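Encoded as structure tokens, the following chain is the form predicted alone, with no partner shown.
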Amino acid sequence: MSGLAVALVGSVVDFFAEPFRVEFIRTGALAALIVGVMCGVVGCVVVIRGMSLLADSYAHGVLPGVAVAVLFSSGQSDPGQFAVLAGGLAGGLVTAAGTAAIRRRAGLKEDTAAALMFVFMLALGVVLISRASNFAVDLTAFLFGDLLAVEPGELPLTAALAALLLGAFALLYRPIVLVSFDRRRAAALGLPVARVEFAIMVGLALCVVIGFRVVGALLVLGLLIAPAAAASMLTRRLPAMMALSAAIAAISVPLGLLFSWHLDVAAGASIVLVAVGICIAVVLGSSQRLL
């Protein structure tokens, strides 16, 4: 009986450990953990402020910048991570600046301004992509990520950018909280509300750019929204919400990679599906509070 138990335990251990014995899985997992924790923290601000559509517009705003990077890469199918990140960052910042300008000049609501920039940047991305015949080869990777293709040399840059973004959020924590919860009170206290809101949008754009290389420009939205939404139903304190959201995102990484390995499906999408599944489980378990 003890021998059967040992064999059963060994099988369970092998089931969970098998994927992580492979180097490229470990590298991808570490990159996804970095991105997941970053998205988990930033996503709390997205959920609190109702910026989900804005985040989606940034995810599409990355595409024109990446297409420009490809167009100026001398016909190479792989323009390099720095060119792709720089192009994606430029696209994200243009989206942020355009959304802020439309809100300020036209007096439109944030969701309307974001929708306009979303449509514009998506259309521009498609036009530019149609000019780059070699871009179609890597379009799926840019949209949905290529987690298992992440090189060990990319980890320091990803970690540095994520740390820089989270450090900026920590420094601006009080203004971000005040503007997010009570815009009028923040203005009464003398805070530059418009600048803080623009800083939030730029931070969100940076988060999308850092994350799209790992899980893709479209799927990064899942890591921004699902863990934070789940955490918001479990706690009302923002610091606890950020910590819990980051933990949910971090847990989603190894679980998603397990599903991806054993079922032979896309890694990035599996991670996002696990994160959304956790959110759904929290919704079902919190049904009493939602009534």
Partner chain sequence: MLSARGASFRYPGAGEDALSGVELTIGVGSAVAVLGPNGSGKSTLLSAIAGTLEPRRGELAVNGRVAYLPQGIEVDRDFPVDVRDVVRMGRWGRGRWFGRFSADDDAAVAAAISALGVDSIAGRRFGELSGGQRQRALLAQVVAQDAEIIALDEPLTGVDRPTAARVGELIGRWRRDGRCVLVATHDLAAAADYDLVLALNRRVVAFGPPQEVLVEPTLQETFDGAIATIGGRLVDTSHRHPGAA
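Positions refer to the first chain, counted from 1. These numbers come from a predicted model, not from an experiment.
The same protein has a further form, the form predicted in complex with the partner chain, not shown here; the description that follows concerns it.
Enquirer: For the spot marked by V68, F72 and V126, is every residue within 4.5 Å of the partner chain in the predicted bound form through some heavy atom?
Expert: Negative, none of the three is within 4.5 Å.
Enquirer: Check whether F181 has any heavy atom within 4.5 Å of a heavy atom of the partner chain in the predicted bound form, and answer yes or no.
Expert: Flag for F181 set to yes.
Enquirer: Find out whether any non-hydrogen atom of A187 is located within 4.5 angstroms of the partner chain in the predicted bound form, and reply yes or no.
Expert: A187: yes, in contact with the partner chain in the predicted bound form.
Enquirer: Is I48 close enough to the partner chain in the predicted bound form to count, meaning some heavy atom within 4.5 Å?
Expert: Yes, I48 sits close enough to the partner chain in the predicted bound form that at least one of its heavy atoms falls within 4.5 Å.
Enquirer: Quick one: does H262 come within 4.5 Å of the partner chain in the predicted bound form, counting heavy atoms only?
Expert: Because no heavy atom of H262 falls inside 4.5 Å of the partner chain in the predicted bound form, the answer is no.
Enquirer: Tell me, which of L155, V94, I102, V177 has a heavy atom within 4.5 angstroms of the partner chain in the predicted bound form?
Expert: Of the candidates L155, V94, I102, V177, V177 is the one lying within 4.5 Å of the partner chain in the predicted bound form.
Enquirer: Looking at A55, M241, A266, V37, which has any heavy atom no more than 4.5 Å from the partner chain in the predicted bound form?
Expert: Looking at the other structure, the residue within range turns out to be M241.
Enquirer: Heavy atoms within 4.5 Å of the partner chain in the predicted bound form: which stretch in 56-64, 231-239, 244-252, 29-37 meets that?
Expert: Answer to the contact question: 231-239.
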